[in-house]
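Encoded as structure tokens, the following chain is the form predicted on its own, with no partner shown.
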Amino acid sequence: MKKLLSVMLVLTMVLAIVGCSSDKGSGTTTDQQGTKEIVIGANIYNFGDNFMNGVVSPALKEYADAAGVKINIVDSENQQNKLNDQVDIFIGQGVDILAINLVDPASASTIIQKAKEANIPLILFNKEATEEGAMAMYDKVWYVGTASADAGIIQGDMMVADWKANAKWDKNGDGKVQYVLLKGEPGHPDAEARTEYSVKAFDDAGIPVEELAMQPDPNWSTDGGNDKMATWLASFGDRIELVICNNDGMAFGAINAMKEQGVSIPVYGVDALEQALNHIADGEMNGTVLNDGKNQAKAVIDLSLNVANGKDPIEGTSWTLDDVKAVRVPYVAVTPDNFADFK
């Protein structure tokens, strides 16, 4: 009898432990009430990116926590092969959703195919696939980001308006804008569009331009902006009339280089980081464009929560999808007149 009671007690304890264990088949965890926690496998293409690691990543965690969603975020260190391996690991873990910040937009099909074969919904964010037809490969892939050209258009419109209002910016009086441009990652849709449309605004306004120099930076970095601007100041000196930057991080570097040499040249960025607002307040930066990373992160979590629960991705949200299954979060101009509204 005692042996029988002992066996029954052991069986009861084993069943209790199993009942509280994780559901490994789905990648979700199960609490004592049987409620499953949604798990998102996510990455940032490079933690060294001021905007992605300083704005988007914390916001993803914030909104995931608020929604009761578990999110695991890894650093792909700007390496496509590393991202491929990370996605394989997430799939092996059985995550419910993949939220992927592409390293190489031209390699999106690789990630999409992995998600499709595993039948895991995929949210791409911030870097849009550039391969034709990639988004049509899988019915459970969506994109969250911006309309890339808009940042360049808004930045360009700000610069044109300020140029017209400040005749003294034309140092040599030739009626032409001599500019240098700090470009982001080559091939990145945002970098390409911001570069093209920021300069196009002058052409559209009938203002001649002359590019003194342009330098891409795959890391969009402050150090890169500082080093290149220092070189340009040594090479071109007073000939530089305008500094155009694809992001705030590189603009910070340009500002540092100018301060070190005691010069001041109009400079514009994109992202509206807190430091950029401070530079605008101090008269060291002339404008930036809000790249609304917080709302991009919110959209990623909103869509993830819906699709994980078998709903339409935008059900119950204010987001809309365009004809390529993309949520576009709008850019906003930030100037000396309104920067305080964004602090």
Ligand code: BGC
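Treat the numbers as computed from the prediction; the structure is a model and nothing was measured. Residue numbers here begin at 1 and follow the sequence given.
Below: the form predicted in complex with this ligand, not depicted.
- Contact with this ligand, judged by heavy atoms within 4.5 Å in the predicted complex, is confined among 278 to 286, 60 to 68, 44 to 52, 297 to 305 to 44 to 52.
- Ser198 falls outside the set of residues with a heavy atom inside 4.5 Å of this ligand in the predicted complex.
- Remark: Asn126 counts among the residues lining this ligand in the predicted complex, judged by a heavy atom distance of 4.5 Å or less.
- This ligand is not drawn, but in the predicted complex it has a heavy atom within 4.5 Å of Asp190.
- Although this ligand is not shown here, in the predicted complex the stretch 277 to 308 places heavy atoms of just one residue, Asn291, within 4.5 Å of it.
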